[in-house]
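Have a look below at one chain only, the form predicted on its own, in structure tokens format.
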């Protein structure tokens, strides 16, 4: 994705907004060229911007849905395969027709988008086309200057955009050091909340996607929500929120998916997470809410499993991969004591059989009857994921929450 400067606007050094600007980036359907957008994503994050990367080969509906649920400032598209005149128009049209035309669309495509194309695309609703050869510094200046804005309550927003804006307002107030309106997590009725933690690389995002697929198949009228936390960079404040790349099944309208940056919180969760859970529960729309923490360490307790503070979720699932480092490392992991559910993922790994025996022995020491679920989330229709989803539903039913059944 490259940029053309608008001569009508004088470029000047941009100052990072106090509340991070959020951009959704994606590559259109039938286009597998992601090297340019990856470069832009890194540069955006380096300038304090939160980038929700959707991935390549993305449809118009997937891009528009993600933009609405993420309540982004702007959508940036990188197109190298042609077809940009129609595709960009379709994205802008779908946002406008759904009542979300306040989200602008910009993009670029190296040498594939001509000046003549740009004139047509601007008339059709594309805000800006960025051409090859523009320095990255100038690109960042324009984006921060023209797309940073303060979110405000909007009674016209409906459905998922209304929920998304409520979460944005909480995040914004916390970033500006203003106390948010307290939205307590509701503990009655539907909306079984499962916190999912584990070290980086355990495959949490892929496992969540496979659990989502089970929910959608088994509950054809239900809705599921996912809150995915990723770390902000401690220096710039920017972030690459990439969990949607693994979220194949989030392209269903019954899935609400929101990415959250930690913005300096050291708990493994954004400080806005408790209020975001409350917003989703109070909507009454969701039967199951999955909350993913960032990759956690040995002493981490992001969901309050040990009672030192109010427990944030109804249940906690801890996910490990076979390469955890040996028996002594297992002894150090506190959440193996506190988790309601434990999964060993990536069980197609050669070390999986040894890991299964070692982890189950570690769980037996807890004396809580914990069962290790062996999963291979990268394999569709994995029976281990089936069993794990059944265990989640059973736990929800046992605690008086539906976990999916209407």
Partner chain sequence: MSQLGKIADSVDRYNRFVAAEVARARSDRKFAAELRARWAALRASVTMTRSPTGTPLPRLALPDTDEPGAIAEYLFGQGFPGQFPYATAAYREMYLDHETGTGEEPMRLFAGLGLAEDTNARFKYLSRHQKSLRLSTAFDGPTLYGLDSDHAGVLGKVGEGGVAIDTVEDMGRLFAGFDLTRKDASVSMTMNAPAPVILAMFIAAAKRRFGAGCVPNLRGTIQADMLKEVQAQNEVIFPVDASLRFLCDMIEWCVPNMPRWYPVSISGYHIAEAGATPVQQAAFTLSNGFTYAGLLQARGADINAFGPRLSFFLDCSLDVEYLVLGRVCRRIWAIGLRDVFGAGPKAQILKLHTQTSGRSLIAAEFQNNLTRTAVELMLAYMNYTNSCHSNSADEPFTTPTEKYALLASHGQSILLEESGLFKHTMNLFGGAPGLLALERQVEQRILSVFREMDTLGGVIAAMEQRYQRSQIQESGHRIETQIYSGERPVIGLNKYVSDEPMPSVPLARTSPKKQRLQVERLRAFKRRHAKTAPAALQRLAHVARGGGNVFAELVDTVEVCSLGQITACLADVVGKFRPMV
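Everything quoted here is computed from the prediction, not taken from an experiment. Residue numbers count along the first chain shown, from 1.
Note that the form predicted together with its partner chain isn't included here; everything after this is about it.
Not displayed here, its partner chain is approached by residue 248 to within 4.5 Å at the level of heavy atoms in the model of the complex. Residue contact check for residue 369: none of its heavy atoms lie within 4.5 Å of its partner chain in the model of the complex.
Residue contact with its partner chain in the model of the complex: residue 34 places a heavy atom within 4.5 Å of it.
Heavy atoms of residue 206 reach within 4.5 Å of its partner chain in the model of the complex, making it an interface residue.
Checking 281, 79, 293, 168 for any heavy atom within 4.5 Å of its partner chain in the model of the complex turns up a single hit: 79. 87 is the sole member of 318, 257, 192, 87 with a non-hydrogen atom lying within 4.5 angstroms of its partner chain in the model of the complex.
Per the 4.5 Å heavy atom criterion, its partner chain in the model of the complex is contacted by stretch 104-112, the sole one of 157-165, 230-238, 283-291, 104-112. For the stretch 55-80, the set of residues having any non-hydrogen atom within 4.5 angstroms of its partner chain in the model of the complex comprises 56, 57, 60, 79, in sequence order.
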